[in-house]
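Shown below, as structure tokens, is a lone chain in the form predicted on its own; questions about how it binds or moves come after it.
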Amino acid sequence: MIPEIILLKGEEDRLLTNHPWIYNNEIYSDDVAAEAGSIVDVLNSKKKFLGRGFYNPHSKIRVRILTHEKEEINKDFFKKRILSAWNYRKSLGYNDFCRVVFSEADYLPGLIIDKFQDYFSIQTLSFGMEIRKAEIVEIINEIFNAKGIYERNDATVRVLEGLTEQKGFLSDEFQTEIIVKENGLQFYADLAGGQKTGYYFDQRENHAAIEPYVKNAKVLDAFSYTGGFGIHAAHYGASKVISADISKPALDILQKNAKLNGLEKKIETVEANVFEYLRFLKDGNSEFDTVILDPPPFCKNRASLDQAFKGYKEINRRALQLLKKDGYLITCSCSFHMLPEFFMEMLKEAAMNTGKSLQIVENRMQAKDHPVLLGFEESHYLKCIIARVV
């Protein structure tokens, strides 16, 4: 008998619009015998079945929906879901390097699987996925015949689930530094030491999209990290690229990436606090044809949204001050709480403060291997706007 969770009256509305989370304050009653990670059924106040998912009494997100059908949740269920996610990626041309599973967006809540040819980096960020980790590893081996699997569960969100942070091999040990191929270029990725799962696949299409806006241009790549945008800019014909970041280790990898692609002579790296460096460039009357802003998340929760808005506005205002007429601003945010409408409002205010007019040329998002589940706004986290100064 599967334990049942009964919702308060009216609390099913969000679930009916495809949002997969049930919060603790939306529940009328639950089965106290249900253990963390176990499967429960969710019913509305009239006891009509709504869905089946992972239960976690340790989390404010009490239930994460897996299915809206009364189907058995077993290894075969997860294998079919992972195969479905993989077949979708293959249908779009993804093969060697991509995100195979994007958590709730693929109805596999808390599971991230990134593919690096025959090697895999995974995260199990929900209690339900964590206790099925061995099963997930078996499935990856069955589908892909993986040469190696590494877990990157050193993510703070696990603490909210009552889990510890950890990372390590889930297979025989292997060399975790791998060369990723992206848009005809090569980049070093470290599954053990890099950010998140070792590499950001989500900007792939945005990296390629900058080609028309950087040809023969003097480009500032701010918050460059390991050079995803800057190296693409150099490859696409920029006359010069200045890549600035506060992290020396990231810039060291950027220089290795530039050399790997034969572009080291076109890229200058600057180790600096980017907020301060943008002011320094403005004080020196520097000008650029294109400025790229791809900062780390400024806003990790709703409480920090106002401060994050000010931070985004500041860097975008400074960037606009550095741009020539007809120049391009390529500006990004990977903070979910900075919703698309907030991000656009921020850019409007930044432009107004500088007295510059902007044309929105492209309004982009994360790569297609990071699909957005309609109704689950949290899956639409990456914004990338390309604007022209007119």
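Note that this is a predicted model, so its numbers are computed, not measured. So that there is no doubt, residue numbering starts at 1 and follows the sequence shown.
One more form of this protein exists, namely the form predicted together with a small molecule; it is left out here, but the text below deals with it.
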item: Non-hydrogen atom contact K115 with the small molecule in the predicted bound form at 4.5 angstroms; value: no
item: Proximity of G311 to the small molecule in the predicted bound form, heavy atoms at 4.5 Å; value: no
item: Close approach of G262 to the small molecule in the predicted bound form, 4.5 Å, heavy atom; value: no
item: Residue contact check: Y200 to the small molecule in the predicted bound form, 4.5 Å heavy atom; value: yes
item: Output flag, F229, F275 and P296 jointly within 4.5 Å of the small molecule in the predicted bound form, heavy atom basis; value: yes
item: Contact segment among 139 to 147, 216 to 224, 124 to 132, 83 to 91, judged by heavy atoms lying within 4.5 Å of the small molecule in the predicted bound form; value: 216 to 224
item: Heavy atom within 4.5 Å of the small molecule in the predicted bound form - residue from N301, T164, N183, S247; value: S247
item: In the predicted bound form, the one of Q195, S286, N95, Q307 near the small molecule [non-hydrogen atom within 4.5 angstroms]; value: Q195
